[in-house]
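Next comes just one chain, in structure tokens: the form predicted on its own.
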């Protein structure tokens, strides 16, 4: 039986200043699981997320979500970007940021109603930020800021959650909170896609894995593709990952 993909990427190429960031990527994501994306710096991991979201121009190929161009289903996708691209000096409170997650469900002139406010309050509570909801986001720690954007994604009530390196610069408690949230959303039948750079956590955190270095190297269940030979192809040679491979697999090189 053919399962219709949630995200269907065909022959995708994206460039910055005429230099390809990802090349001819073909990928069908059908599993509503927790999916990791790994690869070296400059491999196109973040670009792949942005292409799914329609945030970058595409040189060639197509991206469809639920069988539609992304602009038709944007409210079904929530996104937590890398922290460094966010203007933390912008004068908004935690509550304001989380309420932004409801805008996809509101008309142009429609104001949030009681149900929207209830959803926002519940999202803030779920990430443990109740006591900070009236604080400016710039006054929060890195881990707290990440929790706020996770709450915004929760408030959107989307079917797909895209996270770009959510574990960078956060404390252990926030990392555990992110993992718990990922599993909670997955239990609800939602797809969670996460760009990750820590190979030591891959087998613990992700059910499926995308391995990319401009071109797609592999995609499948983590237990099947997280192997030394595919890691070597992904990271450009065994010397690059020699130490990590020994630690992860106990392989004598």
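Only a predicted model underlies this, so the values are computations on that prediction, with no experimental measurement involved. Numbering follows the first chain given and starts at 1.
Only in words, not in the display: the form predicted together with adenosine-5'-diphosphate (ADP), which the text now covers.
Using a 4.5 angstroms threshold between heavy atoms, residue 43 counts as touching adenosine-5'-diphosphate (ADP) in the model of the complex.
Interface residue remark: residue 21 is counted as part of the site for adenosine-5'-diphosphate (ADP) in the model of the complex, having a heavy atom within 4.5 Å.
The stretch from 58-66, 220-228, 28-36, 44-52 that comes within 4.5 Å of adenosine-5'-diphosphate (ADP) in the model of the complex, counting heavy atoms only, is 44-52.
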